[in-house]
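We begin with a single chain expressed as structure tokens, specifically the form predicted alone.
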Amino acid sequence: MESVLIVGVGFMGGSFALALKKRNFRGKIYGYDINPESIKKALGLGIVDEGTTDINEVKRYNPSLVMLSSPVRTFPDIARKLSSLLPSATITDQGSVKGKLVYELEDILGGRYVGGHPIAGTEKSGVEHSVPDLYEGKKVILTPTERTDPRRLKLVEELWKKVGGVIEHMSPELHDYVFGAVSHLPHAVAFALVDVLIRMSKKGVDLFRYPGGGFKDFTRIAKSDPVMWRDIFLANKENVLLAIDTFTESLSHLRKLIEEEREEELTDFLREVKTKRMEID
């Protein structure tokens, strides 16, 4: 592969660029972002070799592959622009929503689009926080369809393996169901839990002075980029709402056990959940 264009030079885009550089990628790495400061930082840190805030400039770069790393709701508009600017490039992404978005991007780009989602990241944002080992040993979900070009799929698979990713395939629909529950719901709950403290802080009582380690650990992900998560929640609306409704039912059940002081059932509930949680580690 001769060169890569990163669209959206933030934490994820920067980490992908650094991961390639650490593993001796010999091609050029270009960056495109609407934020001049992001490009300036990426160039200063040596994360990209060249960068621009003018999308028309990417035609001059003529990259072999494009990695979309901007907020997911920007993908269709960017894809429409890239479809004519870079008619032969393989285009993939790091977005955590697939579903209908995959089919929309295929309508624009055809079989040269390969849906991807690395199960990696932190609550930090900004290219200055990029890390080269972000994907090492992490699952990378690819969502090929009948329209996906097998040659381009293999290219994307090899690229992710190069940076340490472990490939797994899912349908776009299954992907959004799974990650609506295991990723998008926890972020929604974390944001809501911090809002609880905002609402329950009264005059003279600032609850944010007293959080312990448990609250801080649980709500760490509420420090994530609001724009990115707004787009994820809206793009995967159906599955996020399903997960929130299911969570609400579970919380209501727990509330009832506490309200009615059903000690034995409450203990059984907590024990069952603890046992299941321990299977993850």
Ligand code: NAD
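None of the values given here were measured: they were computed from a predicted structure. Numbers follow the displayed sequence, beginning with 1.
Only in words, not in the display: the form predicted together with the ligand, which the text now covers.
Among heavy atoms of M12, some come within 4.5 Å of the ligand in the predicted complex. Contact annotation: I29 falls outside 4.5 Å of the ligand in the predicted complex, judged by heavy atom distances. Using a 4.5 angstroms threshold between heavy atoms, T219 stays clear of the ligand in the predicted complex. Residue contact with the ligand in the predicted complex: V48 places no heavy atom within 4.5 Å of it.
Judged against the ligand in the predicted complex with a 4.5 angstroms heavy atom cut-off, the residues S64, K139 and T143 are out of contact without exception. For the candidate set G121, G164, P132, G99, a heavy atom within 4.5 Å of the ligand in the predicted complex is found for exactly one residue, namely G121. For the candidate set A188, L109, V72, A89, a heavy atom within 4.5 Å of the ligand in the predicted complex is found for exactly one residue, namely V72. You can rule out all but one of 241-249, 64-72, 40-48, 208-216: in the predicted complex, only 64-72 has residues with a heavy atom within 4.5 Å of the ligand. Residues of 29-47 placing a heavy atom within 4.5 Å of the ligand in the predicted complex, in sequence order: Y32, D33, I34, N35, S38.
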